[in-house]
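Quick heads-up: the structure tokens below are two forms of one chain, split into structure 1 and structure 2.
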Structure 1
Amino acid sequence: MGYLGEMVESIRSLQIRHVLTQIISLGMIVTSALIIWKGLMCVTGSESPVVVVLSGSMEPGFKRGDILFLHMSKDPIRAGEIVVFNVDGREIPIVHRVIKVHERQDTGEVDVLTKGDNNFGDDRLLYAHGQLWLQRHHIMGRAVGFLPYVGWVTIIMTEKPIIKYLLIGALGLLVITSKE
């Protein structure tokens, strides 16, 4: 009887060890993703280093589903740069091109006006009511790199949450059932 009990005991401990390993490896995946994201934030100096283009306002340069890499440096904003900005009272950041810049002589503050390449008029209609210019604090970053199509993954996942849960479920199942 002692022999059988020993065996049950060993199997049980093995399983616990296995489950623990799986939890740790899952944790490692999540934390390394977080490390990469936060690391990119430090390197680019932008609070969101990668953005997905959601509208067609910059076509044919950027289409819906393309992704842009942002960089935010101390350099002054100049005409022609494609910037990502947040407007007060709007959740979603906008990616448009700077068409006018006025920089103050004394304080160095900038007034910036943007426009989507594919839009007819400038962005004053998109800004908050009565707002004529964007200031430095509205701007999250300027686009420096471009990668097509990749952003569709996130667009599909935010618009069809079922697919997101299915994907997370399948990945979780894989991690749990995989051996070594």
Structure 2
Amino acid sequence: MGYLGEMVESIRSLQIRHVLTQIISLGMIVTSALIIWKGLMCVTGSESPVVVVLSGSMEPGFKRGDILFLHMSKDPIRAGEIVVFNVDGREIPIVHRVIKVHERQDTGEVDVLTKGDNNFGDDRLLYAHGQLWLQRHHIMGRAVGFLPYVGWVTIIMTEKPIIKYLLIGALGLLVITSKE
């Protein structure tokens, strides 16, 4: 039986009180992570303060797997800035550069046109049907920093869910069977 048998025996020998303590500790870790995430949302003004670059459309500046840190301020958006935006009807945010800014004379609202640095044309084909510009409510934030390659963990777990489930299961067993 070896290692697996020892793990099963270890779980059986635990007292209920110890198991409950471990479950509460795990709950506190998850709750702390959520509080930190919500705090970052408040500080950055962005609904998603951290995003992973999922494609090569922004190479060579940002590569697939880079993590971007976002901030959304009241300052006007300018051509050349890198923004992350959502398009109506799509769940996954897009990271691209603003290439044109259009200010409406009647309302003063600013519309933007984006393009990936590694793409041939602008993003109008990515926008919702009939949409030619992005409005401010589409933009989640501006890129203010990045960590290269760290996002590959997220990409691998999204593309190969079995790895995610194995990792969660292993961490769960580790928490339950730890003696402290």
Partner chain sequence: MFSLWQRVNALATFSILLLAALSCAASFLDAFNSPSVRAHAEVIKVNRFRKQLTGNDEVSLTLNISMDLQSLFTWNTKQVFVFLTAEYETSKNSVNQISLWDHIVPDKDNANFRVRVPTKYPLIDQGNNLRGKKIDLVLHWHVMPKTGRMIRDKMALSEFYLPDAYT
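For clarity, a rigid core is taken as the largest C-alpha set superposing within 1.5 Å between two forms. The first residue in the sequence of structure 1 is number 1, and each one after it adds one. Small disclaimer: the values here were computed from a predicted structure and weren't measured.
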Legend entry - Of structures 1 and 2, the one that is the form predicted in complex with its partner chain: 1
Inset, instruction - Return yes or no for residue 80: a CA shift of at least 2 Å between structure 1 and structure 2, with the rigid core superposed? - result: no
Inset, instruction - Could you tell me how many Å the Cα atom of residue 107 shifts between structure 1 and structure 2 when the rigid core is held superposed? - result: 2.8
